[in-house]
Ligand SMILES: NC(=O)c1ccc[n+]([C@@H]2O[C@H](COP(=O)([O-])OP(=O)(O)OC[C@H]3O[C@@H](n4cnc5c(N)ncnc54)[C@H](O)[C@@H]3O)[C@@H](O)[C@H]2O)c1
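What follows is one chain in structure tokens, specifically the form predicted on its own.
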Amino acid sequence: MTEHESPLGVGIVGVGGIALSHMAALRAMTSAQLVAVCDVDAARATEVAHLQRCTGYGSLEELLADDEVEAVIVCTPNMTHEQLGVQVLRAGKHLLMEKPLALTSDGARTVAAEATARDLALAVGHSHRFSDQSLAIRELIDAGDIGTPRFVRIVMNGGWIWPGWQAWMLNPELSGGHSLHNGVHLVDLASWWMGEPATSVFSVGQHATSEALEIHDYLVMELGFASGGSAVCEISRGERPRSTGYLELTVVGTDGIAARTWDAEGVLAWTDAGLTAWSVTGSADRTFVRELEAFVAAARREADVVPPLSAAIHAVDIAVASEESLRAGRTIEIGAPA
């Protein structure tokens, strides 16, 4: 932000759990500020607006009519993303869409095409790209310290984080299934670290918490790449006790290995120069601030959108194919990204 440039005015649609992370990040920034929120629960929007010292609205139309709102963060359930995304962009506002971009590949491309046609910034909330650990691994890869990546393994396992049995996340018609709701984070990281799009996916899952679940709360996605490389992405929300958390990140290159297990260990790199360690954390303290700083830079035309739209669309393509693989019990080929 230049000395004379005012902060980017941001509105948030949907004031549920993930919106709180964005609000906290905005409070820590000088390049953007929260000016308005809206929610279908108008009373809740008013309450949050009072706490956040901004304007509260009961409808998206009211928020979009506010001239102080230059950009919008959509934090609503997955099945609303395509419709709301198009509506925000048609109002001439820059858009940060919480992941996934849409529930279908066609829907993702529709929202992206709207942003491109109107020359507006469209970012998708693949927040794991902005964590200390993910950036450190990408730095190792870019520096050539482990050679060309050939295999990626990502494990993000935890306990039950959803509010209850009536939660929309558990309805595959509303969330798209676990591949789209949480799995997109992992497949985006895998493709980013591999440096190429996935060409196939084979997925297996379990109803670990209960057979009554309509989604697979435990999910493993095996990705194939044109180079011959592969990735295994494992995510669970069925661990016990529910406070359980386990993280494992591994990238095997032609000249070395980068790995991380457990939060206290940091990132370790085994190369021909020996063992190197980075004392980076997996905390979200700076993750959302970095994500929003990148979004503001894109809206100000100072930098490209992160992740690139093609990558955000590809993450949806992989997740949709993963859900098809779960139903069909076979490997699903993925088309080239747009």
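All of these numbers come straight from a predicted model, not from anything done at the bench. From 1 onward, residues are counted along the sequence shown.
Although not depicted, the form predicted together with this ligand is the subject of the following passage.
None of 119-127, 199-207, 140-148, 106-114 except one has non-hydrogen atoms within 4.5 angstroms of this ligand in the predicted bound form; the exception is 119-127. Between this ligand and the residues 82, 217, 98, 132, the one pair within 4.5 Å by heavy atoms in the predicted bound form involves 98. Although the partner is absent here, residue 71 is not a contact residue: none of its heavy atoms lies within 4.5 angstroms of this ligand in the predicted bound form.
Using a 4.5 Å cutoff between non-hydrogen atoms, residue 181 counts as a contact of this ligand in the predicted bound form. Proximity of residue 13 to this ligand in the predicted bound form: non-hydrogen atoms within 4.5 Å are present.
Looking at residue 77, you'd find a heavy atom of it within 4.5 angstroms of this ligand in the predicted bound form.
Contact check at 4.5 Å (heavy atoms) against this ligand in the predicted bound form: all three of 17, 40 and 168 pass.
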